[in-house]
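The chain that follows stands alone, in the form predicted alone, written as structure tokens.
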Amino acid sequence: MTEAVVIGVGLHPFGRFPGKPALDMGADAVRLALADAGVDWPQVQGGYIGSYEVANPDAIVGRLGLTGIPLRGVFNGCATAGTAVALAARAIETGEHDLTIAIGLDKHPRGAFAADPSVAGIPSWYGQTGLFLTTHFFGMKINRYMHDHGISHETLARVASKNFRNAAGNEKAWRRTPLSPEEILASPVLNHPLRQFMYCGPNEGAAALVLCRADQAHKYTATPVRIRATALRSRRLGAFEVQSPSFPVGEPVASPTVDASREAYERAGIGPEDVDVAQLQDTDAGSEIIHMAENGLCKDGEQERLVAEGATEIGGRLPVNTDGGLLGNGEPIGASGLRQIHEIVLQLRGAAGSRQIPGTPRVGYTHLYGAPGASAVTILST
């Protein structure tokens, strides 16, 4: 099977851009990715584009050029970008195309996501009890995890402080003001134990990747980044995940993140011990803690010591969310996962500037998680 590699990355800043349509942000990200790859739009043979807010994201071809290529829309909640890059890679691996593109874009209104529970196939009482408000769900989830595994409130604050500090060194991040753990612990509680500065916020932005056959990468770049594995998994019976209306009696099963992570490691022939830098879904500070263990990067409860030691800092032995993660960048759903891969590509190229991790990183890991209990993992390497 032909291997797919990333030869170009483009990122429109994440934040608020009044008057600028999401499609224009997406077109800007595509142009940056094409320029990075040294490719013209008419050379792109096919692609996948994801968005939550834009009904027909494939309309972006009107801004890039009407070349007639198949540009397919995809959506899997917060895992949307993982699907876009997986399918763009698959089109190369199967021989359908030699050069593809993955695009993500979104423009969310201010405030938390809200909808009628029936659109997600769950009963109305789920919303009436407050569980459809995801801030409530994630507060309860980390509260139980802290009880079971000895995670402190100070550790949650250190995670958020790290990500805001990393975002301060990223000119395309949204929240670039560093906050100390003390300032974060002094902010109002929104859903116990999570406070104001421990949550990410929906916002606006776009990202794009250009992929090609590995055996043709030399025509475009001296630094291709290999896509070693992609995996997308939904929840199994017994897993209590966001937008799960019930918890079956019996033995709990692993979360979809555990399932996706194991599948990706097996496909890549790479283990957690080989990962040099990771981008994990930090919908809130507690989610980053939980996802460290669910992705095999540590055992449950070890996060307390690892975070205190600085292991997840840019200079630590396992840097996590070096560009600020979702806490620092916000979450335009369609683009968020491609923003993660953009950062990993920069790190593996040694081109991340002031937030470049030490040494010569060879393996990068990205992870997405969201409704309705879906998780996507992508493993990349030099």
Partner chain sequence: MTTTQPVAEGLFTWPPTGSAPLRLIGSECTACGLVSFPASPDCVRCASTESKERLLSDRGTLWTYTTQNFRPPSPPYDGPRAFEPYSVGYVELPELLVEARLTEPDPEKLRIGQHMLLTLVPYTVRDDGTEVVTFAFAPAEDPAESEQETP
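The structure presented is a predicted model; accordingly, all values stated were derived computationally and were not measured. Numbering follows the first chain given and starts at 1.
Omitted from view is the form predicted together with its partner chain, to which the following refers.
Engineer: Among the candidate stretches 306 to 314, 123 to 131, 81 to 89, 218 to 226, which one is within 4.5 Å of its partner chain in the predicted bound form when only heavy atoms are counted?
Structural biologist: Every other range fails; the passing one is 123 to 131.
Engineer: Of D276, E93, E241, D259, which residue is found within 4.5 angstroms of its partner chain in the predicted bound form when only non-hydrogen atoms are counted?
Structural biologist: Checked against the cut-off, the match is E241.
Engineer: In the predicted bound form, which of the listed residues (R72, K299, R144, R267) lies with a heavy atom within 4.5 Å of its partner chain?
Structural biologist: That would be R144.
Engineer: Report whether all of A29, P109 and G169 sit within 4.5 Å of its partner chain in the predicted bound form, measuring from non-hydrogen atoms.
Structural biologist: Contact check failed for every one of A29, P109 and G169.
Engineer: Using heavy atoms and a 4.5 Å limit, would one call T155 a contact residue for its partner chain in the predicted bound form?
Structural biologist: Heavy-atom contact with its partner chain at 4.5 Å: absent for T155.
Engineer: Though only this chain appears here, would P202 touch its partner chain in the predicted bound form if you measure heavy atom gaps against 4.5 Å?
Structural biologist: Because no heavy atom of P202 falls inside 4.5 Å of its partner chain in the predicted bound form, the answer is no.
Engineer: Under a 4.5 Å heavy atom criterion, is N191 part of the interface with its partner chain in the predicted bound form?
Structural biologist: Residue-level check for N191: yes, a contact with its partner chain.
Engineer: Indicate whether its partner chain has at least one heavy atom within 4.5 Å of a heavy atom of R233 in the predicted bound form.
Structural biologist: Taking the distances in the predicted bound form, the answer for R233 is no, it never comes within 4.5 Å of its partner chain.
Engineer: Just to make sure I understand: among 236 to 258, which residues lie within 4.5 Å of its partner chain in the predicted bound form, judging by heavy atoms?
Structural biologist: Those in contact are L237, F240, E241, S244, P245, S246, F247, P248, V249.
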